[in-house]
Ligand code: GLN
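Below you will find one chain, with nothing else, as structure tokens; this is the form predicted alone, and questions on how it binds or moves follow later.
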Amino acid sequence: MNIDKEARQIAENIYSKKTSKEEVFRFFHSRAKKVDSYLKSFVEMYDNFTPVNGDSSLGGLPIAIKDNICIEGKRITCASKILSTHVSAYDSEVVRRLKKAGLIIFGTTNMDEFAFGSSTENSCYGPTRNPWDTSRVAGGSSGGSAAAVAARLVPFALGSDTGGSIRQPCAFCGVVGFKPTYGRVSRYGLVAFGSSLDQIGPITTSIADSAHLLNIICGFDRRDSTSVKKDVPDFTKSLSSEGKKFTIGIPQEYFGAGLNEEIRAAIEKVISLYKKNNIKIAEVSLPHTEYAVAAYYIIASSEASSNLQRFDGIKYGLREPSRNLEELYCRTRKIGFGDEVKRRIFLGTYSLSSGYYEAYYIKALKARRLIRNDFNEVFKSVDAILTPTTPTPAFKIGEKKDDPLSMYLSDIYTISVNLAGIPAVSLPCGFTKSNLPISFQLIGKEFDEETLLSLGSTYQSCTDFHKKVPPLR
């Protein structure tokens, strides 16, 4: 089997009986067992092939699931010692939909602990390595999913995106990462990080595969109070831009100091390609972008400190022997949580504490509203916004581990999207002189994933960066 085939092409071969579901599973399982011994993109791979009949064109394909999305009867650990033995009692809504569609759950992928990070170095299992250069990070927090897809260990995967955790690792690994509108995909069965920010989305090799996967996972779920009761279109029909006229906005705030020059040059080529395809380009401004990082880390950490209160040694996972209740809490959380998790809990608890709540949390919420208003104003005149996905290519493992601020700035171009609750996609658009992937980001209006799919398809029909495969041994 050719590893450069897209998911839907493999599915077509199954449907036409050129290959079987079991042959596809065994191929990817054999490849993953060999390559992942040094890549470390998986937490667990499931050995048993158990095909199911489904109602989807992707039926029979294996898919990897980030280790914070529940799978019934399987370990769900969030890459944390505190949940190392926890087995999920139920399927998340997205996994239920995947199974119903006939997809085969292949295994769980590595991540930053509780999704706190931008490099997948904050994992109790150790870091995932970038398939293009194994001395570098895969990005985070969905680094395992992005690396597994980039290395063609699975046709596609699911990740979660709270501040760029799908798009940033996909940019580092050279694959497509789609963050849908908040409320478009059910969060039922996703272990919460920032409840007002988290969203599950697909990681694929092509924008077309993203459309097919979105068709399966999107839709209202009554068990998720943030799920939006809105009709889901057939996203595959959006892949053609014939007869459509688009205007793309270029925000000056995303092209200032700190942007790597090779990335800047690659983005300029993307803009030129869109112009050649008769897509109008307009300069726009998002003036409150400068407040995004500060607002995000206050809001996300505050929500995280609240969500992680449940992990205290009583009901879930690790429980350290202790003489009394207070000691149980302290010992379990001290041993069970990693350094970055503790840092986020401290930051969030401080922001929510008496005397600081209005100075930090409330002020961050006001900044969030201003950022959302900026997008609403810009989208009155453009159909989508084009930016870099990351300020730099993938950095060396350990390079930013002891510099949290530098690490946090890795998400500087992705955070605003989550604060505004709108959709965005990262698409590969080139390589550095060191052969590291470069990507750009398309940001869309609320519930307008279709425009992003159309524009992404236009770009990929003219380029082949998404078809490149890392030179793994």
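Start at 1 and count along the sequence shown; that's the residue number. Nothing here was measured: the structure is a model prediction, and the numbers come from that model.
Here the subject shifts to the form predicted in complex with the named molecule, a form of this protein not shown in this document.
Taking 77, 387, 162, 186 one by one, only a single residue has any non-hydrogen atom within 4.5 Å of the named molecule in the predicted complex, and it is 162. Proximity to the named molecule in the predicted complex, taken as a non-hydrogen atom within 4.5 angstroms, holds for one residue of 204, 118, 123, 92, which is 118.
In the predicted complex, residue 311 stays away from the named molecule, with no heavy atom inside 4.5 Å. Among residues of the shown chain, residue 344 is one whose heavy atoms approach the named molecule to within 4.5 Å in the predicted complex. Interface membership of residue 254, defined by any non-hydrogen atom within 4.5 Å of the named molecule in the predicted complex, is ruled out. Among residues of the shown chain, residue 106 is not one whose heavy atoms approach the named molecule to within 4.5 Å in the predicted complex. Partner contact region in the predicted complex: 109-117, out of 234-242, 349-357, 266-274, 109-117, criterion any non-hydrogen atom within 4.5 Å of the named molecule. Of all the residues from 293-322, those having a non-hydrogen atom no more than 4.5 Å from the named molecule in the predicted complex are 296, 297.
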